[in-house]
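Only one chain is given next, in structure tokens, and it is the form predicted on its own.
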Amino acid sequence: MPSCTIDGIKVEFRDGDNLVEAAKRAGISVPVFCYHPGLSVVAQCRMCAVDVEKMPKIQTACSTKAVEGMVVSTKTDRVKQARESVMEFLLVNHPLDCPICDKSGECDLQDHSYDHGSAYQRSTEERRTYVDLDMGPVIKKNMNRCIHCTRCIRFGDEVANIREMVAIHRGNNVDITTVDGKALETDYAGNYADICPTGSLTLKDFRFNKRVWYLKKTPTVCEGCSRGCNMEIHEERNQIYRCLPRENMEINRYWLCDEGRFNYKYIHHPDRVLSPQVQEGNSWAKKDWFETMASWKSGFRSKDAVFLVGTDLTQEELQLILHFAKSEMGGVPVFHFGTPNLPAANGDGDSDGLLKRKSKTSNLHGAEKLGIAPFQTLPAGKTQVVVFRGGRAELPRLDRSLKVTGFGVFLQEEIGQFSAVFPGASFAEKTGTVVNFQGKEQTLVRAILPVGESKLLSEALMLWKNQSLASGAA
């Protein structure tokens, strides 16, 4: 590989790398505002200035390609002075509202001001002000904090493929807004907040809810579709506050759709079933696991049963159900369900030309890899159905004469025809493997403990098998 020297360190780089990316390889951080590796290079913030040997003027690292034998310095006096001047210029109109800003703690402007700015401000002019703008259901804009990096405009044009963000007016009066002030239309609006280097574009869902330094970050996989985008779950005290994309150049690059970003909300939904329930007459009776299991098992007959498994379950859960159906239930048939009108993996495909897939569950391809057939109709003579579900798979329509039992994540409104429900763990409450449409195996990582009385599927099946022993011991 070709190499260059940055701050006295020899760095190997790939052909086409700019100096920002080359410096990263050596562990050297070059400050940037307008530059983002997933967007076009405009070199307009001037924050990434560096000195290059044999070049009389300082250069912008984002727009300068690394060349074999190049000698670069990021710490000369004129580089430091240039960065200090840029920071002073950017802060001329910036409000002093870090204590109430949602970006505080992960703000590039805040960090670079500390590392490269001056403690003194020469400007005495009144700062410009704007009224906060509601940009639809996802984003709230505070133009007072904007530094005109145009990342949002370029994201819309180049990634989301919708020209909805524009810069109007010029100079000190520049305003970043939507065309004609309309609400954002893209299904990827949350990425505007992700790439904004300041607190100008913020998630309405997260706004004023939690300070970022309190949040624990867990790397995991989105369950929103068969792509399996990489993301982080941010939680505190067993409460999820947001999900953010995690870079994976082979799957989702730097992005995450809004459907996957906000999918977690059902986990803390007030109507989620969080304790075992059995239907008695026309009402639901909440009992403990042992009582509910004993009451339900007295009427269960494996010879009359069928197992329906959601393709939102992990490989480990599906394998466990297959083993349980064969070894403990005498060969109960098992079928999978998940996305209406998409029974099999061969019907899966691209949905929007960016990230979304037709399959709205994360493990359809994994279920078929295990040889589980799609559910179409019940085998003749079967009158009892046991539904296993992770929370995302859409329940199939079943004849109301059937006796249906649920293990997993359900909302109260979904269990009208069930005879019993045993609460299970969602994707954020367990660890396991899912297989995306590319055949890549990825790992869901538990971010929070199961809510309420929810149990992992392995615990539920263990109780099912040994309930009489557990009751005797109790």
Partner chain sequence: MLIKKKQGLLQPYYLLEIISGLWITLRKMLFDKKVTIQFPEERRVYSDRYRGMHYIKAVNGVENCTACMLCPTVCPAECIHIEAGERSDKEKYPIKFEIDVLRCCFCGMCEEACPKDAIKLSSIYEMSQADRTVFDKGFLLDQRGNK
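All figures in this text were calculated on a predicted structure; none of them were measured in a lab. Positions refer to the first chain, counted from 1.
Keep in mind the form predicted in complex with its partner chain is missing from the figure; the text below concerns it.
- Think of it this way: in the model of the complex, its partner chain has a heavy atom of just one of Thr74, Asn230, Thr177, Asn142 within 4.5 Å, and the residue is Asn142.
- Checking Pro99, Gly353, Gly371, Gly281 against its partner chain in the model of the complex, a heavy atom within 4.5 Å turns up for just one residue: Pro99.
- Its partner chain in the model of the complex comes within 4.5 Å of no heavy atom belonging to Phe290.
- Taking the partner from elsewhere, Phe208 is found to have a heavy atom lying within 4.5 Å of its partner chain in the model of the complex.
- In the model of the complex, its partner chain lies farther than 4.5 Å from every heavy atom of Tyr266.
- Taking the partner from the other structure, its partner chain in the model of the complex has no heavy atom within 4.5 Å of any heavy atom of Tyr120.
- Only one listed stretch (178-186, 111-119, 142-150, 385-393) carries heavy atoms within 4.5 Å of its partner chain in the model of the complex, and that stretch is 142-150.
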